[in-house]
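Just one chain is shown here, as structure tokens, and it is the form predicted alone.
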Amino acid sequence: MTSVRGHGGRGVVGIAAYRMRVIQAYFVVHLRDQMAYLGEVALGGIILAVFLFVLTQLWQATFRFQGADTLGGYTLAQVIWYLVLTEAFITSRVAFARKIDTDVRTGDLAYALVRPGGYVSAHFGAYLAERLVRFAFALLVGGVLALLSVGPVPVGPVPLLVGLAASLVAMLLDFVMVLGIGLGAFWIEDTSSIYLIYTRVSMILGGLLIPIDLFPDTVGAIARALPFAAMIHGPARLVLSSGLADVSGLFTMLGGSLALAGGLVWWEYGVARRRVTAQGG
């Protein structure tokens, strides 16, 4: 593993720089692991391709049945590319909450907490490596399928870059939320059911299969008030838009949600560490 030494300085700046080196080290190691097991990533790409093919047929039938060129402001081609972007975000998720759950229940967390680098930093570096590889591969597979099915759609370079940046922030928010679920194992014996609910609710209210613009008004209002829409629907819609009209609202929602979730998980992590110490871990 890439060597990571002391804090390299004193105070907050030195600790932050040290944490960044830890994250980089774990990122590099797990990135190599992902490159070594591309077959597993490719298998996920095949499943994604089959899923997108089925959804493409359903949306083509929907447009034919409606006899319309656009639905909710989306053309058929835009809907298919929207699905590529949202599916790439969802299928690239890393279910590391199970690992935290297991660490807590087996007691391994007590040993992991005293290792150099920090428990959360290690998970974040590994998460980034796996997530980015899976996300890029899903975009590649989905993009090829969309090109073969409906052809290209006009996408401006600025909306594309800003949309991808929003996806990265959304991935960070997703990491914090899943981390909070995993740490819930200190109070709940098994957090898998909570993680399942989180993923399903986020997929439905995040606009995974149907753009939120096509939701009924009441449901759409509820969805937009939650962070899931900003995580999944927002970046995809931004990439396909002709401008940056919604960018401030999108990043405000993502940033506010990240600050709130981060604060809650930071408190939860502190309580968890004290419980380990109190129990003699």
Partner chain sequence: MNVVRFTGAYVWANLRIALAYRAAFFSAVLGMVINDAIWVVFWWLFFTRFPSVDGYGFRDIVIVWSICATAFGLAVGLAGGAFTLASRIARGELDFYLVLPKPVILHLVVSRMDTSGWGDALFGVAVFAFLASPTPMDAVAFVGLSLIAATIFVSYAIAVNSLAFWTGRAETLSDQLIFGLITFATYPEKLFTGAVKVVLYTVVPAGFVAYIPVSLLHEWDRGWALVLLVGTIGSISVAVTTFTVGLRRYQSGNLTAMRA
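Residue numbers count along the first chain shown, from 1. Predicted, not measured: the structure shown is a model, and the values here were computed from it.
Although not depicted, the form predicted together with the partner chain is the subject of the following passage.
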**OP:** Note which of G72, G156, P152, G107 lies within 4.5 Å of the partner chain in the model of the complex, where distance is taken over heavy atoms; exactly one does.
**Re:** G72
Original post:
Using a 4.5 Å heavy atom cut-off, which stretch among 122-130, 140-148, 201-209, 161-169 contacts the partner chain in the model of the complex?
Top reply: 201-209
Subject >> 4.5 angstroms heavy atom contact with the partner chain in the model of the complex for F51 >> reply: yes
**OP:** Indicate whether the partner chain has at least one heavy atom within 4.5 Å of a heavy atom of Q66 in the model of the complex.
**Re:** yes
**OP:** Please check if D246 has a heavy atom lying within 4.5 Å of any heavy atom of the partner chain in the model of the complex.
**Re:** no
Original post:
How about M253: is it within 4.5 Å of the partner chain in the model of the complex, going by heavy atoms?
Top reply: no
**OP:** Counting only non-hydrogen atoms and a 4.5 Å cut-off, give the residues of 34-61 close to the partner chain in the model of the complex.
**Re:** E40, L43, G44, I46, I47, V50, F51, F53, V54, L55, Q57, L58, W59, A61
